[in-house]
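The chain that follows stands alone, in the form predicted alone, written as structure tokens.
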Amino acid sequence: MVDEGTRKTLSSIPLLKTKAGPRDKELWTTRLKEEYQALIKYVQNNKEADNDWFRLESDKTGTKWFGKCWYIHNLLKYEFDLEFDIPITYPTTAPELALPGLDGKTAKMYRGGKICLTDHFKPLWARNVPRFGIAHAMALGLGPWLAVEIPDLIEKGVVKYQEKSEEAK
């Protein structure tokens, strides 16, 4: 079952209507607009709740996405590169979110740094096609994965805090 916090987060992300993937030319443009609207709303909600934890952008076609996500642990910010491609069979198939910098550092990850969402997220996604989109993948996939895995990786010493230089700020 879904906890109350997750239910509240989910209810504030707009559901998508257009069932279209990258091959669907004009419909893909419509779907992409819905994706951006849902992402913008999710980011706004996160900022209002002081829970800003990722930046995301796409290429011109909307099929390659990249950005950063971060996790705050013991008042230290751990930042990770994030990337994923939209599958040809999208939205029937969920995107495979990848944190390449963590590749091989946890058993809950596939080659290339793709995070394991098989047991919990993918069945939920399948039940909600085409209503779920990228914002939902972030909220129900990557967010919970970071919350479980990153503290564990930090405690094991696998992930170490890296202070940014003054030039990088």
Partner chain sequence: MASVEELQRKVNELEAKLAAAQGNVVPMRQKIDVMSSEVVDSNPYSRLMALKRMGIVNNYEKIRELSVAVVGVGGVGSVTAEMLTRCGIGKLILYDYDKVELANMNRLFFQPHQAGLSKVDAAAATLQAINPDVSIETYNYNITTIDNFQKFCDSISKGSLTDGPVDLVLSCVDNFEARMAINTACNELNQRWFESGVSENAVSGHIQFIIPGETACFACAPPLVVASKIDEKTLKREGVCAASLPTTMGIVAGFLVQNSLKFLLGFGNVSHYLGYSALTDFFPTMSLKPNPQCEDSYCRTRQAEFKAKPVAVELATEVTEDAKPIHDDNEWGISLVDENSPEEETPTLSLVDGVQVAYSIPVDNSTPESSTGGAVAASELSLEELMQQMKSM
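What you see is a predicted model, and the numbers here were worked out from it, not measured in a lab. Positions refer to the first chain, counted from 1.
Another form, the form predicted together with the partner chain, is not on view; read the next lines as being about it.
Put simply, residue 88 is close to the partner chain in the predicted complex: some heavy atom of it is within 4.5 Å. Interface residue remark: residue 22 is counted as part of the site for the partner chain in the predicted complex, having a heavy atom within 4.5 Å. Though the partner is left out of this view, residue 96 does reach within 4.5 Å of the partner chain in the predicted complex, counting heavy atoms only. The partner chain is not shown here, but in the predicted complex it comes within 4.5 Å of a heavy atom of residue 29. Although the partner is absent from the chain shown here, 17, 109 and 128 each have a heavy atom within 4.5 Å of the partner chain in the predicted complex.
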